[in-house]
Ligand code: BDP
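Given as structure tokens, the chain that follows is alone and in the form predicted on its own.
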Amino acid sequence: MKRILTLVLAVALILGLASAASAQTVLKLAEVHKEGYPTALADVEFARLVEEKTEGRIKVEVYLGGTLYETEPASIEALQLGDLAFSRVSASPVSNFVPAINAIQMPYLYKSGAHMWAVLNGEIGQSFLKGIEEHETAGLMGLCYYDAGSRSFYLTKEVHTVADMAGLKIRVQDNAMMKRMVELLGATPVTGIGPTAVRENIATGVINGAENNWPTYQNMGDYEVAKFYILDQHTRVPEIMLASKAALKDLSPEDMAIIRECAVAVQQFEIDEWAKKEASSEEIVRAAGTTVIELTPEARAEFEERMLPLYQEFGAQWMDLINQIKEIGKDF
């Protein structure tokens, strides 16, 4: 009798475990950055929080380094199809669904990182996330923002004024606004050079430099050939954690609320991790003998003034929004 009872209990336990396992919802998150990068660390923390807060009902599998989808556009397409649940992407491609996001990408718009976060965490930034979700055909949700720092020029010569930029060949992303920015500063924009090829092209004199954030400047080894980092901080383009409506449609309202809560929590986690990485990268390149040049207020004003035609060409329809952002900047 005892054997039968033991067997019955064992079977019941096995069936119970199997039932619990089958009840677990597994969702995929794609990230193009590698393990250890601030956004990747935040993705992993997001997955941990979701599993913890849902008591194991939801498991988020994180795929780093582009192992699931090699590019951000591919991830966005997978989100729309419901083949993917979450992905961290740059805000730039998301402007295809909410065009007003272009306003926050304008050069020399922010006074500081704190200024940008006041915008993103305020009415303007939150309206963008809402706009993503309300888009009739995108099938996406914007859960939170991640930090990606500021982009500055790094060059093979010192630059203190706009005049010093004349004739320089600078690698930029194949983006019309970025190319126009460099042209207005008197330099020549060069496209078609991938991130991993920047160092070699600087070393061989094909280009005189590029522009990016501290971590990329350091990680790619570009600081070894471009010894001058011009801290002009011309753009700050955040990242956005996107979610798929199709992939999450069967979740309960309670679990959906938990996912949103975890995303909000992980935003600050990522900001903190980014600050650590940024400080570490800056320390490394300074120790290697890099000359970091901070523009004087007068020089900064000159750089900003050169952007007036660009604002008319690329930001005319967003000027009310841009002026609101600048108004917020008066407190920083």
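The first residue of the sequence shown is number 1, and the count goes up from there. Here, rigid core means the biggest group of C-alpha atoms that superpose within 1.5 Å across both forms. Not measured: the values here are computed from a predicted model.
Same protein, other form: the form predicted in complex with this ligand, not shown, and the subject of what follows.
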item	value
This ligand in the model of the complex reached by all of V32, N213 and E239, non-hydrogen atom within 4.5 Å	yes
Contact label in the model of the complex: H234 to this ligand, heavy atom within 4.5 Å	no
4.5 Å heavy atom contact, Q173 and this ligand in the model of the complex	yes
Proximity of T156 to this ligand in the model of the complex, heavy atoms at 4.5 Å	no
Heavy atom of P99 within 4.5 Å of this ligand in the model of the complex	no
This ligand: the contacting residue among I259, I230, V89, M181 in the model of the complex [heavy atom, 4.5 Å]	V89
The unique member of G205, G221, P195, G167 whose heavy atoms fall within 4.5 Å of this ligand in the model of the complex	P195
Residue stretch of 137-145, 115-123, 205-213, 75-83 approaching this ligand in the model of the complex, non-hydrogen atom distance within 4.5 Å	205-213
Residue shift check between this form and the one not shown, rigid core fit, T216 Cα at least 2 Å	yes
Core-superposed comparison between this form and the one not shown, S152 Cα displacement 2 Å or beyond	yes
Core-aligned C-alpha movement of A197 between this form and the one not shown reaching 2 Å	yes
